[in-house]
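The chain that follows stands alone, in the form predicted alone, written as structure tokens.
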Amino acid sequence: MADERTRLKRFTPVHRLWHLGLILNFMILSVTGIAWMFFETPWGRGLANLFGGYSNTLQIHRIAGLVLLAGLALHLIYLLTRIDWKDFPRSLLGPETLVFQLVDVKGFIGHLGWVFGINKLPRFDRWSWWEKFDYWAVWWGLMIVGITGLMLYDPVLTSDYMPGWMLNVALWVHRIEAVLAMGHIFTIHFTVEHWRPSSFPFNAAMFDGTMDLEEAKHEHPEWVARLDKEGRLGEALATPPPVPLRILYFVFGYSIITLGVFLLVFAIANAALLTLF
């Protein structure tokens, strides 16, 4: 029945809000950044024209970058409020945190063994090692593009404190890290989250905040078992979202996926084109 609680609550409204903001901001930065990088090509100029030309595209990219850094600062403040300082640093450990621990190293090795058919699939708790990797990848990526982006935001001011050649280094580091981030999101992240057999064709967990209980038992059996042992499994269950919402999540999600794949394919094609001339 539609009202049966067959979903397990996984992400809070705050988690989902952060993720939504990150999606929108990242895609704005991706489109404007690609337009800026490939402005010498007709395709790049076409993208830039959507934002009113080269100057407007660059300005929107800069503003979006500042918004992203502000979001990172707010997220850091949020994390500081979530730490149990009375039990610090032990409160940073345990199955509910995203801090890398020895169990994640064992999970990675075990998962690698499972891929090659050496052992059974490891039993993950609430967070698997690759989910933690995805989370922290955003941090180090933002540190790199953030610092270099700030250097490029006002090159004249930067030149007052650094030699001019540092701006060239900052530009290339900024571009390389941005390309790596887009490549990871548009290939690995999309594939792992949406196109693996258990999630295909679309994983809406970060949109509706829940995941199928049977899927959770397969992918996070230790988490389900722990909730059951602690007597919290019942209160953690939820009903599926209404059909209109599921359709909305799917349409929005695949609009983002389609845009990402479009940028990736045409960026590779135009990069190849530029090498010929």
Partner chain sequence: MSIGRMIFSLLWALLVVPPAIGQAADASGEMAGTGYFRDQDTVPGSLRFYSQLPGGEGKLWGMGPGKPKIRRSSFKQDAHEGVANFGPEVRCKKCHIPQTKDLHYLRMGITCIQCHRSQPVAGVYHYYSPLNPIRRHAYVCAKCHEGATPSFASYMVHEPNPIASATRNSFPLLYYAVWIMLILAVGVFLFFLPYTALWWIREFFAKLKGRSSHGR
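Residue numbers count along the first chain shown, from 1. Small disclaimer: the values here were computed from a predicted structure and weren't measured.
The same protein has a further form, the form predicted together with its partner chain, not shown here; the description that follows concerns it.
- Although its partner chain is omitted here, in the predicted complex none of 78, 101 and 207 has a heavy atom within 4.5 Å of it.
- None of 31-39, 65-73, 229-237, 245-253 except one has non-hydrogen atoms within 4.5 angstroms of its partner chain in the predicted complex; the exception is 31-39.
- Residue contact check for residue 111: one or more of its heavy atoms lie within 4.5 Å of its partner chain in the predicted complex.
- Within 4.5 Å of any heavy atom of its partner chain in the predicted complex lies no heavy atom of residue 94.
- Within 4.5 Å of any heavy atom of its partner chain in the predicted complex lies no heavy atom of residue 85.
- Although the partner is absent here, residue 136 sits far enough away that none of its heavy atoms falls within 4.5 Å of its partner chain in the predicted complex.
- Residues 197, 198 are the ones in 197-212 with at least one heavy atom within 4.5 Å of its partner chain in the predicted complex, listed in sequence order.
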